[in-house]
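Encoded as structure tokens, the following chain is the form predicted alone, with no partner shown.
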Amino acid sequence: MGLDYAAVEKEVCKKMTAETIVSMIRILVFPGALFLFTLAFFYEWVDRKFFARLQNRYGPLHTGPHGILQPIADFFKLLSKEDITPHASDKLVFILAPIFYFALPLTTLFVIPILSQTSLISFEGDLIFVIFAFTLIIITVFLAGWSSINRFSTIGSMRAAVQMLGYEIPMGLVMVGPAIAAGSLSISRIVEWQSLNFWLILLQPLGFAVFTVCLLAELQFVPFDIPEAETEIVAGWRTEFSGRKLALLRLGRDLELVLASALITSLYLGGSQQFWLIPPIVIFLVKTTFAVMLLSLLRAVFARFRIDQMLSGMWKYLLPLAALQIILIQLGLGG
């Protein structure tokens, strides 16, 4: 009895079509781009609201319940504003920089486990990809400011590049710490290892502290908002950006905040592992919200450093502490 090849081919096509639709929904809707955009706006609201309360202010208040829709309103308001490209700027770089600044953290978030211990895109070595993406983000910042041909933007871009030299090596070292403990350079494997053992914040508290400080510098949050210091250089590297370009830069910053909080969660707080009957997505949201509030708290209690103070502190203190964490892990005291 012969096979009905036409029927088999039809069934295979149906199965492939269904899998393609599911994959597209996961990438574009949940837990993909649309979910990440929503999360970015929500965490901007959490950051602004919590930061305001720490300063005895109200923060966003009128747009939506307790001002929760204010970040979305700000984004669409910027989209409607005039988009100006300076005549003397390097127009190609000036136009592409906001797109790359938005796309880099969005793409990197696809390797973070959100719904389970496995991310949308998982491979051995994705942690190295994240470190590389952070470097590309700062290079994009430098190119954005430098292409503006504005004295304030140029100073801000130079500060961003110099600041990167201070924090990037300590951050890279402490990000490798969880990988050594788990025996893998995959973020999903690191989360899985923590689900079977202990949260790495308990085994590597020094690495957690160094990583959190470095993330403040990566996000250009106080006390490391040196590249965009309003009281010194207007808006720093973002001075000349307006309209749609500034909207993309703002959304890119919010996505980078989501990425930073997700990395804290995945590398040190056990990731989105299921706890009793609580779904992994709820665990992920609770932990990342805690991470956002922690970063906001640190913003509120420190004043801005000078660039020389920042570099001196990173090289004199954070780098030796990061190296000490690696030594402790090799001695079996950190994982």
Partner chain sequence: MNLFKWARTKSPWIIHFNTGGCNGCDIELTAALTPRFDLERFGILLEGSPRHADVLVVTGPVTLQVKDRLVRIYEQMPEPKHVIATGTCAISGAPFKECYNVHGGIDIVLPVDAYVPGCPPKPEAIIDGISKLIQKIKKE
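Residue numbers count along the first chain shown, from 1. Computed from a predicted structure; not experimentally measured.
One more form of this protein, predicted in complex with the partner chain, exists but is not displayed; see below.
Asker: Which listed residue (61, 297, 29, 278) meets the criterion of a heavy atom within 4.5 Å of the partner chain in the predicted bound form?
Answerer: For this set of options, the contacting one is 61.
Asker: Consider the chain as shown here, without its partner, and state which of 165, 92, 79, 202 has a heavy atom within 4.5 Å of the partner chain in the predicted bound form.
Answerer: It is 79 that has a heavy atom within 4.5 Å of the partner.
Asker: When the partner chain is placed as it is in the predicted bound form, which of 229-237, 130-138, 100-108, 179-187 ends up with heavy atoms within 4.5 Å of it?
Answerer: Heavy atoms within 4.5 Å of the partner chain in the predicted bound form occur in 229-237.
Asker: Verify the contact flag for residue 172: yes if a non-hydrogen atom of it lies within 4.5 Å of a non-hydrogen atom of the partner chain in the predicted bound form, no if not.
Answerer: Outside the cut-off, so no.
Asker: How about residue 33 - does it come within 4.5 Å of the partner chain in the predicted bound form, if we only consider non-hydrogen atoms?
Answerer: Contact check for residue 33: no, nothing within 4.5 Å of the partner chain in the predicted bound form.
Asker: How about residue 69 - does it come within 4.5 Å of the partner chain in the predicted bound form, if we only consider non-hydrogen atoms?
Answerer: Contact with the partner chain, yes.
Asker: Are any of the heavy atoms in residue 154 no more than 4.5 Å from a heavy atom of the partner chain in the predicted bound form?
Answerer: Output for residue 154 is no: heavy atoms all beyond 4.5 Å of the partner chain.
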